[in-house]
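Take a look at this single chain in structure tokens; it is the form predicted alone.
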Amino acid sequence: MAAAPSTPLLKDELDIVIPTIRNLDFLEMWRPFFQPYHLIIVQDGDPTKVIKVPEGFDYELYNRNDVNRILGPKASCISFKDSACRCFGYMVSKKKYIYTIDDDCFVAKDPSGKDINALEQHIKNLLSPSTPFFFNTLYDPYREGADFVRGYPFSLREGAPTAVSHGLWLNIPDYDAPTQLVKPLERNNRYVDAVLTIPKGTLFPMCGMNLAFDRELIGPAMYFGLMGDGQPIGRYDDMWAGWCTKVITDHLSLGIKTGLPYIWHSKASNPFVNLKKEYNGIFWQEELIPFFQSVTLSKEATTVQKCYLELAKQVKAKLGKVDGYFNKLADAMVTWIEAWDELNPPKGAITTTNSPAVKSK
């Protein structure tokens, strides 16, 4: 068995973003894998509540008061009382890569019984190319022991940069409320040792609980929308980000991988509470999917920000008639990009940054 590398992969180039309303005891299980990395914790709900983090982790903790202080009037684009607040962590990070995980996600085991280092597998996915333009039937051709199959064009074998690594879950599946209600006891026990690139032109449902991405390549598109408190919808935050991101990665010739790594999703949320949050989304998605399938971006949209602003304009023009909420969401998308650019000016620009409320080492 090979010895573990002395320095963890991307130790100084990756932040772990965790949204939470509770003490982070779950980090104890992840300590062997997460302790070398910097954590950005986004506290949702009551900002006066004290969130306890186990000793020995290097972290920043932001609550709603910090969001308001750092973003000022633009704080309105960050969801409240919804895990969509995690995208504030993406905005304030200064690292090239992000891994985000929910606090009910534990370390899974592979079929041999060994603990799965989810973060390491995500990094491997992000550091190898994707194949969005031509499907390789032998899964990810860049994995050890695999290659391009006969008939795969040599001109496409360099692949495309990987922007997103979408991990999966054992135990509790990521179901919507109606499916939860009809399959309350269903569990995912099937470990599939595969990574696939999602083909160009194909949308997918992105789950935010076990997700990594290249912040420099795609960060400004990873906006989890306006959800939760005061909004007519919830639990579509990661879906919205996934649809927007896929349209933009397709336009910019970037790739998205899905499959390994698995985490253990420990608890199912209440399906009746979920149904209330998802109710509008279940209807709206029948209009949203055709919109995203047919949306086009101009050749002038050469950066993620330009792509996202074009998308926001089309959301307002075409989805505003579905419901007035989408006009509000389109405005929030523009605000998000403005706030992103304020906190992440082009390299070489002079800026001042606000310090976080809590830092610990």
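Note that residue numbering begins at 1 and tracks the sequence as displayed. What you are looking at is a predicted structure, and each value in this text was computed from that prediction instead of being measured.
Below: the form predicted together with a small molecule, not depicted.
Undergrad: Specify the contacting stretch among 237 to 245, 106 to 114, 251 to 259, 214 to 222, defined as having any heavy atom within 4.5 Å of the small molecule in the predicted bound form.
TA: Single hit among the candidates: 237 to 245.
Undergrad: Find the only residue in Ser83, Ser93, Asn136, Gln231 having a heavy atom within 4.5 Å of the small molecule in the predicted bound form.
TA: When the small molecule is considered in the predicted bound form, the option within 4.5 Å is Ser83.
Undergrad: Taking the small molecule as it sits in the predicted bound form, is Asp140 near enough to touch it, meaning that at least one heavy atom pair lies within 4.5 angstroms?
TA: No, Asp140 stays farther than 4.5 Å from the small molecule in the predicted bound form.
Undergrad: Are any of the heavy atoms in Arg190 no more than 4.5 Å from a heavy atom of the small molecule in the predicted bound form?
TA: Heavy-atom contact with the small molecule at 4.5 Å: absent for Arg190.
Undergrad: So in the predicted bound form, is the small molecule close enough to Lys200 to count as touching (4.5 Å, heavy atoms)?
TA: Taking the distances in the predicted bound form, the answer for Lys200 is no, it never comes within 4.5 Å of the small molecule.
Undergrad: Indicate whether the small molecule has at least one heavy atom within 4.5 Å of a heavy atom of Thr20 in the predicted bound form.
TA: Yes, Thr20 sits close enough to the small molecule in the predicted bound form that at least one of its heavy atoms falls within 4.5 Å.
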